[in-house]
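First, one chain by itself in structure tokens, the form predicted alone.
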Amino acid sequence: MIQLLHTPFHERTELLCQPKNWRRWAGYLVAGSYEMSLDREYWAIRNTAALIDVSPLMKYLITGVDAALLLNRVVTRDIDKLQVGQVYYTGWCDEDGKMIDDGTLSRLDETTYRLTSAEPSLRWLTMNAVGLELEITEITDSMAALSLQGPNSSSVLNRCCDNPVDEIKYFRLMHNELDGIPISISRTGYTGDLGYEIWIDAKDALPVWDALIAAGHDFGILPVGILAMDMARVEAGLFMIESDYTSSDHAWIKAQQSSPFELGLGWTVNLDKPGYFVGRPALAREQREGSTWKLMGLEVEWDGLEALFKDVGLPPQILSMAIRASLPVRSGKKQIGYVSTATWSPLLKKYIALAHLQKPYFEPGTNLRMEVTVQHHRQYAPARVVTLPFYEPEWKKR
């Protein structure tokens, strides 16, 4: 029997998780939600402050004179341009230019970097580091991580940290102290809102959690599970590995693989950086020839959806959480793609989805039809292709 691990915050999250709807994430137990309904948790992300345990993220410390050389070899970004105190979002690919994983890369000092990933990456990093002068250390278990998201997140941190966080720019980080505990704070997150991620030694996890909850009381802070975060990340147009794309390491057939260009990450592929990196020839070819698939947004037309349910005497019925499921998308009678995650957006008052669409059907404004289930029967609701993200508040990068 597989024994799932507890995060460093489990003593707190176990008591707060009313529905006991635990989810499995990278071998750890995390709360799906803390309340019986997702409403308050979702609105904490969008209106106040949400505290999310993201400790299961895989974390690696890469240090040494050849650390940048290794990273330039495996990721698609130009590491020579990454400054101390800056964070990159990046993917890394196989030789065919198909995504293995994605995550954040922080430069902590001149020769030290911290990489996060969804899947174990130590073997891949080690294979590509042969002959280089560096050290790779997995710190997944020894480092706890919290995501503090929402418009009031900076106010919460300013109340309990030694130094104010107002000067942290988007995708930058700072070292700080919270009640005498050393932490690092990055202006990053997975909700598309103003937010920070807090990196802590695992032994200091509980006092940091308690301090943040206390400091956030006046700002409406709530512990939030991954189900509400799932809804927010779809609104933000952010995909999830093994839900919205399959790692090339796990794909059974080529049709299951995706390139950065197909996932809308062309901006992270730097073909101008010197030297070779894994997947470069294939990515250069795709950039020249164009992609045959693309991840886009779909907005379901409400009147058309309502009409399908009205035909059987029902009001529209949509789950109040994100659906990670493959749903066919058609143009006429031809299937031209599929939805990978769909959700009702409480903020936008729309039914939205992330969809993989074939050329030429991924052009914005294209009218398509998405599968929905109406009284146990498969129907198709009218939908329109839109660019991502669906939602991006002005204060996100402010």
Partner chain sequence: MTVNHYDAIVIGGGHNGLVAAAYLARAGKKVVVLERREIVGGAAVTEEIIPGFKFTEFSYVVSLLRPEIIRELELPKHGLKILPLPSTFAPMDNGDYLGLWDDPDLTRRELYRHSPLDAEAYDAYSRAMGRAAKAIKPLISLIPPDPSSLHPRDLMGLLKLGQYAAGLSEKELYMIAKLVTQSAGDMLEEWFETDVLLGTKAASGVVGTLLGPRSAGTAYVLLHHYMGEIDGAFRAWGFAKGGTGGVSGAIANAALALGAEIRVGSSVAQVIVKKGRAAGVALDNGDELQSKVVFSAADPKRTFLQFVDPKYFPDEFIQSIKNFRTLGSSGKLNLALSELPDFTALPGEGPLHRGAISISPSLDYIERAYDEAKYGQFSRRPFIDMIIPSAIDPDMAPPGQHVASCFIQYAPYDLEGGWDDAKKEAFAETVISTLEIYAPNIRRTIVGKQVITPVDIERIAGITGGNIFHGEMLLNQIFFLRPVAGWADFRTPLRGYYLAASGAHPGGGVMGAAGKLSVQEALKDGLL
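Positions refer to the first chain, counted from 1. Note that the structure is predicted; figures quoted are calculated from it, not measured.
Note that the form predicted in complex with its partner chain isn't included here; everything after this is about it.
Here the chain stands alone, but in the model of the complex its contact with its partner chain, taken as any heavy atom within 4.5 Å, falls in 25-33 among 343-351, 330-338, 42-50, 25-33.
Using a 4.5 Å cutoff between non-hydrogen atoms, residue 251 counts as a contact of its partner chain in the model of the complex. Within this chain, residue 217 is remote from the site of its partner chain in the model of the complex, having no heavy atom within 4.5 Å. Contact annotation: residue 58 falls within 4.5 Å of its partner chain in the model of the complex, judged by heavy atom distances. By the criterion of a heavy atom within 4.5 Å, residue 203 is excluded from the residues contacting its partner chain in the model of the complex. Of the residues given (90, 147, 140, 259), 140 alone sits with a heavy atom within 4.5 Å of its partner chain in the model of the complex. None of 122, 307, 319, 271 but one reaches within 4.5 angstroms of its partner chain in the model of the complex through a heavy atom, and that residue is 122.
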